[in-house]
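Shown next as structure tokens: one chain only, the form predicted on its own.
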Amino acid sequence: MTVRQKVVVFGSLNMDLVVRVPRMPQPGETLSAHGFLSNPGGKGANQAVACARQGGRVVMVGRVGDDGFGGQLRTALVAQGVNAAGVATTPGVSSGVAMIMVDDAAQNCIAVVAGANASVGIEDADALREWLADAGLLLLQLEVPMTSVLKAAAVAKEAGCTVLLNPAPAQALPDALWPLLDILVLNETEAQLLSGLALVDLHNAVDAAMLLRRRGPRDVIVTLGEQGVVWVSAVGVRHFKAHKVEAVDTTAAGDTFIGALAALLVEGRSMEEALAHAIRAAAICVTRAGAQASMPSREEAERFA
């Protein structure tokens, strides 16, 4: 049997406008910032690039506007080895934009303007059939309309493709989506919202993951920052420790983790191997500024100890 080693990402593309601040401003306060970067981003595009950096064969499906950012976003994907043929242009709207503030403690605050991402529709999800014919995994997030995410997951299941959802930004999921999911990867905030449980320690994270797994996904993975990662599956519960690093910017750590995880899973690696590798990649990412610019290569992640 031929192993499907392609990853398809169905999701958002944004231009990230990043401002470095000493601390987060209070309402009505003006702070002097000490840096500005304009970087390609968006959860979908970030995960596509992260996967490609880890050696994955990746196709991006989504939408940009007919503005200057749209061309830049498409060009940036191609430069990173991502097939951008599935990225369409929506006339008359802006591309997605994320306004990001990062403080000196490496914490971030983000406001997103959906732009063309809001126009990703059922027809785009239907068009996935072309890309999924030889794909092993479909990556989904929630920066495009939920109806389109639900349709994309259904199309992937029909194609015999593994469905991995990162439910970000955090929001409730429709009942019909849960049984279509194979792998659910979420952070503490998302796990707390979807499970209804307060996550104050590892035990709570395990309880939340077990509860969510009963709704349909085969594997539930909760990322806990400095506390590492919890994985709940049919074989039980595993906790993976985080690597100790000096964080500079946490903006794309989650997307780096997910992209790296997907790249190794479609190679046929075990979940244990894929998780260990993804944790290394995310650890490197937080030591650098920016989103896609901070993502490590496969070689860097393999050398990291």
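Numbering starts at 1 and follows the sequence shown. Here the structure is a predicted model, which means the values were calculated and not measured.
The same protein also exists as the form predicted in complex with a small molecule; that form is not shown, yet it is the one meant from here on.
Undergrad: Quick check for you: of 127-135, 75-83, 201-209, 104-112, which stretch puts a non-hydrogen atom within 4.5 Å of the small molecule in the predicted bound form?
TA: So the stretch in question is 104-112.
Undergrad: So which of 229, 232, 183, 98 reaches within 4.5 angstroms of the small molecule in the predicted bound form, heavy atom to heavy atom?
TA: The residue from 229, 232, 183, 98 that makes the contact is 98.
Undergrad: Is residue 143 close to the small molecule in the predicted bound form, meaning a heavy atom pair under 4.5 Å apart or at it?
TA: Yes, residue 143 lies within 4.5 Å of the small molecule in the predicted bound form.
Undergrad: With a 4.5 Å heavy atom cut-off, would you call residue 282 a contact of the small molecule in the predicted bound form?
TA: Result no; residue 282 lies far from the small molecule in the predicted bound form.
Undergrad: When the contact criterion is heavy atoms within 4.5 Å, does residue 252 count as touching the small molecule in the predicted bound form?
TA: Because a heavy atom of residue 252 falls inside 4.5 Å of the small molecule in the predicted bound form, the answer is yes.
Undergrad: Using heavy atoms and a 4.5 Å limit, would one call residue 41 a contact residue for the small molecule in the predicted bound form?
TA: Taking the distances in the predicted bound form, the answer for residue 41 is yes, it comes within 4.5 Å of the small molecule.
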